[in-house]
Ligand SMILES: C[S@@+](CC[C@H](N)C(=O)[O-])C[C@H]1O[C@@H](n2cnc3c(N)ncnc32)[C@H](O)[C@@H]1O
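Read the single chain below, which is given as structure tokens and is the form predicted alone.
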Amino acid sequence: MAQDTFQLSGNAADIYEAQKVPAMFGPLADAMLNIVPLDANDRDLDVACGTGIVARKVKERTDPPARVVGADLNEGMIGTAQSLSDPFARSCEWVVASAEDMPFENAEFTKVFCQQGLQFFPDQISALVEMRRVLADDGQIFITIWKEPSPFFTALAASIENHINKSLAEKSLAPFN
């Protein structure tokens, strides 16, 4: 799958940050980080970071702040992350990179996070191997994905198929693949 498949245009990344992060991805990041032991000595990587909500929350929860890098294939997402004015966003490093080919050294990170990204990677095995490559021997990987669509998303997809088309209905269920 071509890299441009996942590129957003216009203000889509800003809308994602304004709407989806507070409603969905922020609370998911909190739920994950509530059970992950964080340490200021960690070197953390947020893979497929979007606008960087996990990276920002890791920065916020460590004192002094750990080194945190957010990487995403989508230039628009990284651009929005870089433009945020909060101090946690400003103190993260932001990199445009594919999860399958990251520009980091072997064993560079002690924790790797991937929130709601793995299901979108064209080659999931390569992405997992790459995450392991950049992880220190005693490091940890934390991946969150949805198990299956809820009745709401199933009904929404059926309605989209009925009123618009099957292709868009299938796209609406992509996060659950």
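Only a predicted model underlies this, so the values are computations on that prediction, with no experimental measurement involved. The numbering used is simple: start at 1 and walk along the sequence shown.
Missing here is the form predicted together with the ligand; even so, the following discussion is about that form.
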| message | Between the ligand and Asp44, Glu93 and Phe104, in the predicted complex, does every residue show a non-hydrogen atom at 4.5 Å or closer? | response | no
| query | Between the options Pro65, Pro27, Pro122, Pro149, which residue brings a heavy atom to within 4.5 Å of the ligand in the predicted complex? | reply | Pro122
| in the predicted complex, does Val69 have a heavy atom within 4.5 Å of the ligand? | no
| Taking 4.5 angstroms as the cut-off for heavy atoms, does Ala99 touch the ligand in the predicted complex? | yes
| Any non-hydrogen atom of Thr110 within 4.5 angstroms of the ligand in the predicted complex | no
| field | Interface membership of Leu73, the ligand in the predicted complex, 4.5 Å heavy atom rule | value | yes
| task | Please name which of the stretches 57 to 65, 132 to 140, 34 to 42, 110 to 118 has residues with heavy atoms lying within 4.5 Å of the ligand in the predicted complex. | result | 110 to 118
| query | Relative to the ligand in the predicted complex, which residues of 33 to 65 have a heavy atom no more than 4.5 Å away? | reply | Ala48, Cys49, Gly50, Ile53
